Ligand code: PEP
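Encoded as structure tokens, the following chain is the form predicted on its own, with no partner shown.
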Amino acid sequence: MIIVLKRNSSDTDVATVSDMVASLRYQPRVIRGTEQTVVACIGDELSHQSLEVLRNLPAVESVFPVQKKFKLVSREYHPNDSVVEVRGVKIGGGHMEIIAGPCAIESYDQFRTAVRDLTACGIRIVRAMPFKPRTSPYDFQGLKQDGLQIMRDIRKEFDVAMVSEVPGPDKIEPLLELTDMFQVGARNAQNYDLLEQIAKAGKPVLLKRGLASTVEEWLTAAEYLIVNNCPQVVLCERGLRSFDPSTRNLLDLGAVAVARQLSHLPILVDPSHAAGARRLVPALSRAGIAVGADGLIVEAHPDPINAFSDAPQQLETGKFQAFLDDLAPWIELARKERRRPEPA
């Protein structure tokens, strides 16, 4: 249920309503707008008492149900776009951001070269992956502890924000001091125990869509994070498993548009994992920006042909500026589109 308070309700009014919501065994979540305050009531409406009785409170303007399984993620709860901040870098709400970096940390020289090239292009958040969950146990799994030390050394030199995938709960603590944003990969998108554990760590989270997840399942996974007090969530569309081998995955641009309508959370597009081929990454990047994404996460490597993993889809970091230059007009057009007033 969503409770909308009357305009200019006082702090006492908000506290009174929140206390009554809690007395009915719901969790009240308050969001303050410029003119009105909304209280989202988290709980099972079938087993708990109805909140309809709160309609009669003097400070309450309306009470209405949210039929979706995700509530805090929905625009009913938070009508305006959310902005997620990663070490001073803003994503969402008109702030476009390109995240880039290699599929995995392979060596000190490889990662340092990648970070040097990308930061020279203006990249402010880099992929830093010491752990790589892979389908085959024989594929490169990352440098693990050695990768953590490389991250530590590179952070000291370049002072750049980093996003790192967490393959399991035991990897949260080792990454906590080194990464600025946790990534939940497609294989773990519905690992609810991991989502709850990551939420408690207090870091922003990049949540990729599962290999076969519906939009509702994707947003409900984000709900797990927010319900567990992790409001800084960025969604990421990376493509679904498909029957067509033309691309590695099927980039679902329709889902990006739908998610933007249903949810206030920022959304990135991952053209690299969707394409599986570097020649397709520029076109899919333009498409992602055009459909309304708040940015991209792109794989880039100093020597992609000899990369230990995902070699065919990684761009060359030494040529990344050309990729950004080609993308710049699309980003500017998308920003102009966002600034247009909504039709009356």
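All of these numbers come straight from a predicted model, not from anything done at the bench. Numbers follow the displayed sequence, beginning with 1.
The following text describes the form predicted in complex with this ligand, which does not appear among the structures shown.
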* Asked: Can we say 132, 186 and 273 each have a non-hydrogen atom within 4.5 Å of this ligand in the model of the complex?
  -> yes
* Would residue 208 show up as a contact with this ligand in the model of the complex if we use heavy atoms at 4.5 Å? -> yes
* Asked: Does residue 223 reach this ligand in the model of the complex if we count a contact as any heavy atom within 4.5 Å?
  -> no
* **Any non-hydrogen atom of residue 238 within 4.5 angstroms of this ligand in the model of the complex** => yes
* **this ligand contact in the model of the complex: residue 165, any heavy atom under 4.5 Å** => yes
* Asked: With the partner removed from view, which of 74-82, 109-117, 145-153, 124-132 is the stretch that lies within 4.5 Å of this ligand in the model of the complex, judged by heavy atom distances?
  -> 124-132
* Asked: Judged by heavy atom distances of 4.5 Å or less, which residues of 2-22 approach this ligand in the model of the complex?
  -> none
